[in-house]
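Just the one chain here, the form predicted alone, laid out as structure tokens.
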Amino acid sequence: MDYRPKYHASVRSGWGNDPNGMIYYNGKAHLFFQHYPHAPEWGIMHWGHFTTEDFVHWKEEPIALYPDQEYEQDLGCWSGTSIEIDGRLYLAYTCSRPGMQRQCFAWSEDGGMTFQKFEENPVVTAEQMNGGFSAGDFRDPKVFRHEDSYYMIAGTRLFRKGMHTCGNLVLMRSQDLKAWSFVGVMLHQQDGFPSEYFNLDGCYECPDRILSNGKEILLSSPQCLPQMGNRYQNKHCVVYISGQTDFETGRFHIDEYQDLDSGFDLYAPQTMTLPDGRIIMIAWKEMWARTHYTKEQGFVGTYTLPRELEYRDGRLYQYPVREIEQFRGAKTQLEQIRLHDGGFEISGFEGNVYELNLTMKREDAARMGVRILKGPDHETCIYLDALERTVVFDRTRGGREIRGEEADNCVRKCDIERIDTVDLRIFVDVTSVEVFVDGGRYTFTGNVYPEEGDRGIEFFAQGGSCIIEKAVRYELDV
């Protein structure tokens, strides 16, 4: 079976992981990414490069950064971000050697197609950062402008009690991108938050920062954050932390700390801001130590459907990028169908490249939802469990076995507030399933590997009755 997605960015060949340097620049959206071009496995990192004008069709441009300098030849050019200054595009990235990670810059004179590296590289080292930092875990710079200075957030480990280290974020300041000074450690223990957030047995990877409706939000990917109930179910998860930075001390006052996605396969998200003000996020739609069956086709590396982010009602909402609606094709719709302890299929509700919008009203059903990519032996289930007050993504019978480092690689759950109605917006793209719950208040992202004929859709209720108030399926003509 061909596992190549139709409307998601995917590396043409070789390996791709973290999105890097996302920016709207020179009339296009640019998505750089961690790339090993020589085999579908992690290797010495380069920066690959996609561009798009519609967020559906992605052009893979020539490689942007090669590990061609002495200070980056061992492990490569690792993750980072971009910034536009006076019309020129700059990339900030980590140069990595065993036991030594430092921050570098490059710039482009031709609209972001080729880059020259600073002669002063590496411009930031752990030794500059006031001591107490692990030189081997100091990476993924996020650079932004605030008032009259440039700031950099990076993930690191702090030494505590001798050789013990724990993950954190640090803030630095510069006037010219070349000379940097330490401002402070960002995450400190606060009342009302578990100590595990501040004693991470890993690194806070790939930090990003956005401002939405007056709220400052940090995005990051903490390694080895312990699972807490139905939160942080992946060994390496993604969180958003809302609050406020003190730019004099570097401390970040935390208002809330939340899962960004409740699914299996989402990591290292990055954002860009469009000219119309929308904040667009894209993440790696894979996970470390997962089974990657696309290796059989010579590539590993797919990326999420771009999502619009908005902070409102005390939560960070995620919406499918609105440009996807331009590609809606044939439409199939049904309304007001009552289900009681059974399933319901209808002609026209099948396929493996589509958008499905579903609203179900619960009467007394214990579970209600939909089975997608359904065949004689396989199905992927998304449903409301009213007794547990959760929405569930179950890929136990989704197709080929997927392995990982977690105790359960098949089921993910998300706690929800209401159980009278569930609203699901589901995007399916060959092996990709992305679920937006209750208008984007919660999301699930996961890969499945069904067989060619697994294309059915079945709505169902268990342990009682429910009503399909409305179900609309669109072909996506991409």
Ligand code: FRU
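One-based numbering along the sequence shown. This structure is a prediction, so every number in the text was calculated from the model and none was measured.
From this point on, the text means the form predicted in complex with the named molecule, which you will not see here.
Enquirer: In the model of the complex, is there a heavy atom of the named molecule that lies within 4.5 Å of any heavy atom of S79, even though the partner is absent here?
Expert: It does: once the named molecule is placed as it appears in the model of the complex, S79 has a heavy atom within 4.5 Å of it.
Enquirer: I'd like to know whether F264 contacts the named molecule in the model of the complex, with contact meaning heavy atoms within 4.5 angstroms.
Expert: Close contact is absent here: in the model of the complex, F264 is far from the named molecule, nothing within 4.5 Å, heavy atoms only.
Enquirer: May I ask you to check whether C206 falls inside a 4.5 Å heavy atom distance of the named molecule in the model of the complex?
Expert: Yes, C206 sits close enough to the named molecule in the model of the complex that at least one of its heavy atoms falls within 4.5 Å.
Enquirer: Is it the case that K374, even though its partner is missing from this view, gets within 4.5 Å of the named molecule in the model of the complex, heavy atoms only?
Expert: K374 lies outside the contact set for the named molecule.
Enquirer: So which of A64, M45, L31, V435 gets a non-hydrogen atom within 4.5 Å of the named molecule in the model of the complex?
Expert: Result of the distance check: M45.
Enquirer: Can you work out which of F193, Y319, W288, W107 has a heavy atom no more than 4.5 Å from the named molecule in the model of the complex?
Expert: After the contact test, the surviving option is W288.
Enquirer: Out of the stretches listed (302-310, 134-142, 193-201, 211-219), which one is close to the named molecule in the model of the complex, meaning heavy atoms within 4.5 Å?
Expert: Looking at the other structure, the answer is 134-142.
Enquirer: Given a 4.5 Å distance limit between heavy atoms, list every residue of 1-17 close to the named molecule in the model of the complex, or none if there are none.
Expert: Stretch hits: a single one, N17.
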